Every structure is written in C-alpha cells, then in structure tokens.
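Here we start with a single chain on its own, the form predicted on its own, put down as structure tokens.
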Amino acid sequence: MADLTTDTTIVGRGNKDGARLFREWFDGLTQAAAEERGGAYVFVMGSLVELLRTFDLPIVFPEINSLQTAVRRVAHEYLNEAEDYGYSPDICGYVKADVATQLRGGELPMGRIPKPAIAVYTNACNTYIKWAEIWERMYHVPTFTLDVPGTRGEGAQTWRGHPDFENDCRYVQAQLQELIPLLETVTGIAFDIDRLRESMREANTMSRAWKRVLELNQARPSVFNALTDGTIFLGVANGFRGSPEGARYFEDLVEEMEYKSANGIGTLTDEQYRLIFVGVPCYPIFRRFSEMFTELGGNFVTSTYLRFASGGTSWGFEYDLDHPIESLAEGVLISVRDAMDNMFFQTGILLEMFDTFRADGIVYHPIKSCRTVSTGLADNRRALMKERDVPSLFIESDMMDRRVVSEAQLKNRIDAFFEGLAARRQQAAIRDP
C-alpha cells in the first residue's frame, strides 16, 4: 500500500486501534452480563449515549451485535433459530439475529451482552419500535420512544431561528425531560448535568474529527475505503461516542488520514474509479464483496451509510455546553432528521457527494432484510439519472442472510458495470483529447 518511507506507526493505526476498542467494548459488555447489570438497548440512529452514560448504563447496540454474526459467518445459525421460534423469513435479519441472541442468554461470537434494563430509541426506523416491543415482552422492561420530527419534503429542511425548527426542538426537549426521571427510576442514580456536559464535550471532539476524516477522503487517491474501513470507524463512533477513548481515537484517526493525504498514500495502490455506496453492506461475504470492486480498481470514497449510521457525528454538529439539554435536543433532531433524509430524500445529497468527492459512479445496494433502507432506491436511481447522467449500478443481496446472496451474480453485474465505466472514460478521452 505504501513505499518504504511510510510511517507504519501511523498508517493502519485506525483499523488496528478500532479492532482493539471493539474487543474491549465487548469485554465490558460480557463483564456487565456476568454481574447481571441491566443495559440500555439503543440503536445507531439517535442513540442518546451522551445522556445514558451519565447513569452508568452499559450501552448495547443490537444492530452492531447482529452484523457481527454475519461478518463472522454464523448469522445463518441465529436466523434459523429465530425462524424455528416462529419469526418469518421476511423480517429484518438484525431483529431475528437479536431474538436468537436473547434466546441464547446473550451469547455472541465476541462475548455476551447483558439483558436490557431499558430500551431507548427513536422513530428513525419503523422497525425500532416493533423490535423494542420484543424486549418489553421478553423482559418486562420499560421502553421509551423518542419521536423526532422528520423533514416535511425534499429540500424543506429548516434551521435554528426558523419557527418550525424551534418548535421541533422544543418538542424533542420535552421528551428528553420525560426520559430523565425514567432513567433515574430505572438506575437509582440521580441525574448529574455536569456528567452530561463532560460526555457532550467528548462527543464534540469526536464530531469535529469525524467530519475532518470524511473530508480528507476527497483526496486523490482516497485515504480509506468507506465500506470496509468505514464500518470499523462507525463501530467506534457509536460504541464510544461521548467517551474519552472515542474522542482520542478519532483525533488519532485524523492524524493518520492527514498523513496519508499529505504523502499521497491511498487505500488502493492503483485507484482507477471513485465510487459512492448507497445502502447497507453485504456482511455475509463482507470482505469478498469489497474485493469485487477493489480488484478492478474501484474504491468507495463515501456512502450514505457513513451518514445515517454514524450517530450524528458525520454532520459535525457540536453541542452548546452552556445549555446541555436544549442542545442535546437540537443535536438529536438534526442527526436523526439527517439520517432519515439520507434514506428518503437522497437525490440532492447524492449529487452533492458525487461532485464533492469527484466520483465516477454510484452503487445502489438494496437488501432483503431492511425495507426501510431499500424501499424507493430504484425510484431514487431513476430520479438521479433524470437529473444528471451519472453511471450507476443496482445490485441486490442482504446484510445478514447468506441464502439470498449470490457471489457469482453479483460479480457478473459488477464486472459489467466496470466495463461500462471504462467505455465511458474512453469515449470522454476521444471527445476531449
């Protein structure tokens, strides 16, 4: 990847440290389970970990736990167990893997998760609400739905100072003020606003750094792969948001990516095509899925996934520590709204990405397990192509279920896409020699 002068103590550090932090995170969850401490079950879109940390709750991300079963090639065992228990093959694969995890007493490939003491989630995904009801029935724990207003239409976002935005902030804030006494009751710990400020301060550091990391991938060649490396970064962004470890990790990550950018060190030795990824990755064959692009010189320079699954960090929003509750409400509103926009109002966002990252093509990846992300992608693709002549690929598989993943079919479609990219480049060279 790099020449002999490359500082190997910097290059590759983000992936190595990310893997270490992930192991430590699961070790902590395993210990919490052994001590029979109840955890806070949350999701990646609007997790509120900054607030939950102030109550010493172990943070459990069922989405992340489930995808780990797929990456480690055992998801089919969990899916089969949930289906034998009575869940339909059409239900979200993440949900079914989590159901099987609960039936196994929290056992996962990387450790064991504690039972829930409370579930806190937003309406960013309709599945979240039904998923939490499963835990409610299993464990008789309280659940809290934070209803976050979405954008009323494409391009209709409002911001601070606009009456609609201010009303939406107050609506979210009122719900947070209902959540705090519930958390006090569940944990027996009094709310400490100074602890919240500390957590928010660390989250601010992470947000600044993550925004810079994304910007640095505008470099040519790009300094990381948004699909593979980006998934590691997302894991840390969610699991360690609001913690000193997470903040320091992302500061180090900025140093690594700035070093690579300054020295022309790309994640590929020969980057031929810069791509944008839309959807959720194919985890059952995660490494091979990425290789089918990289071995043809294609690298994913950014993705909608890095925006809607980053817990709000991609926006670069920073909290006002003098007004923590009000600012937390504003941050949740902006991040969850942005996450929903990246699923439902993608056309303008993708065109902006395409120009900013000087991309060569866009890859759409709808999946069987997640209709929230996948519904409308075909229509979105047509709308984007009507707006501009942008090369795009539409391939289908799944994020969990290997039964609907055909590597041979994927490769045929991907190879044809790259042939089309090469032909377009040759035609452009003829037109503009």
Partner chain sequence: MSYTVGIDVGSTYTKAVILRHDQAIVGRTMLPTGFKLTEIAERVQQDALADAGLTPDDAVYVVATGFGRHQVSNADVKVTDITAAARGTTLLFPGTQTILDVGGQTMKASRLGDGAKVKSFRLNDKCAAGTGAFLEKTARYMGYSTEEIGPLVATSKEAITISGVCAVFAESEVINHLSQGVAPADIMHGAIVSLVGRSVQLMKRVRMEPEFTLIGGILRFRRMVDVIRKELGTDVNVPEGDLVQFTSALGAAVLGHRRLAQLAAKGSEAAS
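None of these values were measured; they are calculated from a predicted model. Positions refer to the first chain, counted from 1.
Absent from the display: the form predicted in complex with its partner chain. The rest refers to it.
Only one of 393-401, 36-44, 23-31, 57-65 lies within 4.5 Å of its partner chain in the predicted complex by heavy atoms, and it is 393-401. Using a 4.5 Å heavy atom cutoff, none of R201, T205 and Q218 lies near its partner chain in the predicted complex. When its partner chain is considered in the predicted complex, R413 lines it closely, a heavy atom lying within 4.5 Å. Among heavy atoms of R53, none comes within 4.5 Å of its partner chain in the predicted complex. When its partner chain is considered in the predicted complex, Q409 lines it closely, a heavy atom lying within 4.5 Å.
By the criterion of a heavy atom within 4.5 Å, T8 is excluded from the residues contacting its partner chain in the predicted complex. The partner is not shown here, but in the predicted complex the stretch 343-381 reaches within 4.5 angstroms of its partner chain through a heavy atom at R381 alone.
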